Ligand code: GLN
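Just the one chain here, the form predicted on its own, laid out as structure tokens.
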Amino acid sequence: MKRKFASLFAGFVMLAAMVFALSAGITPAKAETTYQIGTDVTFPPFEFANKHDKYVGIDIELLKAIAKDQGFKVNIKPTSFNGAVQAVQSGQLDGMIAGMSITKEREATFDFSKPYFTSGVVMAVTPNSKTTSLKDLRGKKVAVKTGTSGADYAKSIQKKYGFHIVTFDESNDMYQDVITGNSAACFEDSPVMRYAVRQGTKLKIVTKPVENGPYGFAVKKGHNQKLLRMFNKGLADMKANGEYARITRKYLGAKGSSDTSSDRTFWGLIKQNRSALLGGFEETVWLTIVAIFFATVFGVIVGLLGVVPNKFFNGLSTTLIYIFRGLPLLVLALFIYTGIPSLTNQKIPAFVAGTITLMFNEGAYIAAFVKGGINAVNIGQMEAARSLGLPFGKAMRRVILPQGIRIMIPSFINQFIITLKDTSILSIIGILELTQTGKIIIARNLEGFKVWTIIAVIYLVVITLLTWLSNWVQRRVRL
């Protein structure tokens, strides 16, 4: 029996070692010619994906032009603004360019380039709104986007004008909150708001730009100083040769660069973005399959540890299930993707971090129903097997597990469905699954309702098919 315990424990140790190898075996962030640069690709006209699924915008084109001028390469990593900030702080990324305002607070943790753009904050309301000045905001709600100059400005004048702040992660969500009447106004960087209005967003700007703030390229404080020097040198060259003026004029001119497609119907949006949607769907499915495989291995081992007649292993199983079921998936993802690299100085690719996150979280639930499935088998079955002289391991393998598996199979399929849905949360660390793809599409055309409807239908179709499969399996198991 002790051998069985030892083999189970060895299996668990091997799994833990594999996970550690995935995270610790990644090459440290010492890029020589190619730098990993984070950006928020939902901040047009500075960074967004065009209808050809290419990342464009003032920041993107300027960075690529500087890289070409200075002889280095960049690999753009699309993520949220907050995700990019944390990734740079943890060393996952070498730098970020995302319309990031240079402030004293941020200078405590980042080194900034020389300013490459200066922007002001404006207030926007619905076309028929009676709110036309800051004085009209007293007692009302104001929408802002986290991490922006607009959010900082709103906080600085909140007490003076007596309004309430509502915070969003995406610009389109902020705009929709005003359009639907939940908030009276929103604060946004002037060029970003003007782009949105030009795209057809039903808002109007009612104030002049204020709190003009400089944007800068950022690296972790004390790190990547060579990259910072090359950016500054390249920026000076771009301004001297007229390339900087050409790029800004391209996106901020009278016409500007925008999604001018006339077909904004559901079918038109599907046709225009089918390659992006297909790519996001494929990433979602692939991530789900890989994650559920490792989650099953982890869950079965932890679940079996919970039913062997050994108090230590029982306690270990209970503790692991308690920890990983208790942690919110978002917190676990950020801890693995940004927290661990901060401690180890080792990079973890977003896909690997996402897989490990789902493995622990979903594996904890699998472990729980593995324990439940085994415990659901009548205890007399084990007693009868042992009375016939079968050792514990053989009795478990030959008698208990075949009966327990029949109970567990539907739960395994249901867990696959849950894992598929949980992949959407991993957009926070920049994985280009279906939800992140939707955010990028919306940033370009600001058709939030229609795009999210398309995304929802895709999820529903897949989940419905999996549910039918689960029901079919349950009927077969009962036969």
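Quantities reported herein were computed from a predicted structural model and do not represent experimental measurements. Numbers follow the displayed sequence, beginning with 1.
What comes next is about the form predicted in complex with glutamine (GLN), which does not appear here.
S.K.: Answer for residue 149 alone: is it within 4.5 Å of glutamine (GLN) in the predicted bound form, judged on heavy atom distances?
M.R.: The answer is yes: residue 149 has a heavy atom within 4.5 Å of glutamine (GLN).
S.K.: Whether residue 218 contacts glutamine (GLN) in the predicted bound form should be assessed with a 4.5 Å heavy atom distance threshold; does it?
M.R.: Flag for residue 218 set to no.
S.K.: Residue 43 near glutamine (GLN) in the predicted bound form, any heavy atom under 4.5 Å?
M.R.: Result yes; residue 43 sits at the interface with glutamine (GLN) in the predicted bound form.
S.K.: Can you work out whether residue 373 and glutamine (GLN) are in contact in the predicted bound form, taking contact to mean some heavy atom pair no more than 4.5 Å apart?
M.R.: Close contact is absent here: in the predicted bound form, residue 373 is far from glutamine (GLN), nothing within 4.5 Å, heavy atoms only.
S.K.: Which residue, 204, 106, 406, 114, has a heavy atom that falls within 4.5 Å of glutamine (GLN) in the predicted bound form?
M.R.: The residue in contact is 106.
S.K.: Looking at 294, 81, 153, 110 here, can you tell me which has any non-hydrogen atom within 4.5 angstroms of glutamine (GLN) in the predicted bound form?
M.R.: Only one option qualifies, and that one is 81.
S.K.: Can you say which of 231-239, 156-164, 310-318, 140-148 gets within 4.5 Å of glutamine (GLN) in the predicted bound form, counting heavy atoms only?
M.R.: One stretch meets the cut-off, namely 140-148.
S.K.: Taking only heavy atoms into account, state which residues of 72-103 are within 4.5 Å of glutamine (GLN) in the predicted bound form, ordered by sequence.
M.R.: In sequence order, 81, 98, 99, 100, 101 come within 4.5 Å of the partner.
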